[in-house]
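Only one chain is included here, represented as structure tokens and corresponding to the form predicted alone.
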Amino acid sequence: MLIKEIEQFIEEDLGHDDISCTLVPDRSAEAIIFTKEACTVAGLGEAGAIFNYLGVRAETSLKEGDELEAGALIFRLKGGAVSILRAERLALNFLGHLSGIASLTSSCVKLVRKHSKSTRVACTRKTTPGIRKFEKRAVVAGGGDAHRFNLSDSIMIKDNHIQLMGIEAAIRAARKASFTKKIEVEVESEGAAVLAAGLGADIIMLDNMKPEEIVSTLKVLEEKGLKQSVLVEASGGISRENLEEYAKTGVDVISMGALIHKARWTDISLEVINYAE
């Protein structure tokens, strides 16, 4: 986490007239952070950076992606009482939000692994503005793939690109624009998938296609000798509830916006355990 980010987050939370935290005498204090429920923990670096910036020593033996039982200790804290109180909500927000994402991702990855050892579970760019990198890191902590961090990571030709210029022209333009970036084409039918693969797309995203349609498309790509040269990704309307059916298709990647926007926060708390007289 960058210093400017920490300062922006702290400014948002403290405001200009923090009376609440300064009510207590600013003496040395010790505190613990623990989870109230089982989770896959994430956000350790972010929380640690916030405490460190405010002069609080935050110690942990954990690493991103560790699986914890309810009641497990996450941090031991030592520092000024006012600083601990000021860092509390901001640090817990990151830990709770990112651990929720990591926990949902982990459960999805485990479900997919029952049917495929190679299929990747990825997130999308459906993220919270301003904290995308943290949310995507949480997906990685849960065993998932971050997909593109931004539009510059690869070239994606989506439905509106195709509507405006067609698949062939869009792929030609992408090839001309860069020789280093992979080209991904979003398609909604078996025929469009075959066309995109034949034109040299690196990745084909099967958008909002049913599992049986995906199986059929993979079979046709194999029969035409195109499957070995392209990665096939399933996306659109996939959630924890219907994930298993997509995992059974044998697709290379399953991308889910739900990993982030449907993740429930993990219940994590801070408790002061010692306060100098």
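All of these numbers come straight from a predicted model, not from anything done at the bench. The first residue of the shown sequence is 1; numbering continues from there.
This next part talks about the form predicted in complex with a further copy of the same chain, which is not shown.
Between the options Ala197, Val109, Leu90, Ile167, the residue in contact with a further copy of the same chain in the predicted bound form by a heavy atom within 4.5 angstroms is Leu90. Within 4.5 Å of a further copy of the same chain in the predicted bound form, a heavy atom is found for none of Ala72, Ser116 and Lys248. When contacts are judged by a 4.5 Å heavy atom cut-off, Ala192 does not count as touching a further copy of the same chain in the predicted bound form. Interface membership of Leu231, defined by any non-hydrogen atom within 4.5 Å of a further copy of the same chain in the predicted bound form, is confirmed.
Contact between Asp145 and a further copy of the same chain in the predicted bound form is found at the 4.5 Å heavy atom cutoff. Though the partner is left out of this view, Tyr53 does reach within 4.5 Å of a further copy of the same chain in the predicted bound form, counting heavy atoms only.
Residues of 162-184 that come within 4.5 Å of a further copy of the same chain in the predicted bound form, judged by any heavy atom, are Gln163, Leu164, Met165, Ala170, Ala173, Ala174, Arg175, Lys176, Ala177, Ser178, Phe179, Thr180, Lys181, Lys182 in sequence order.
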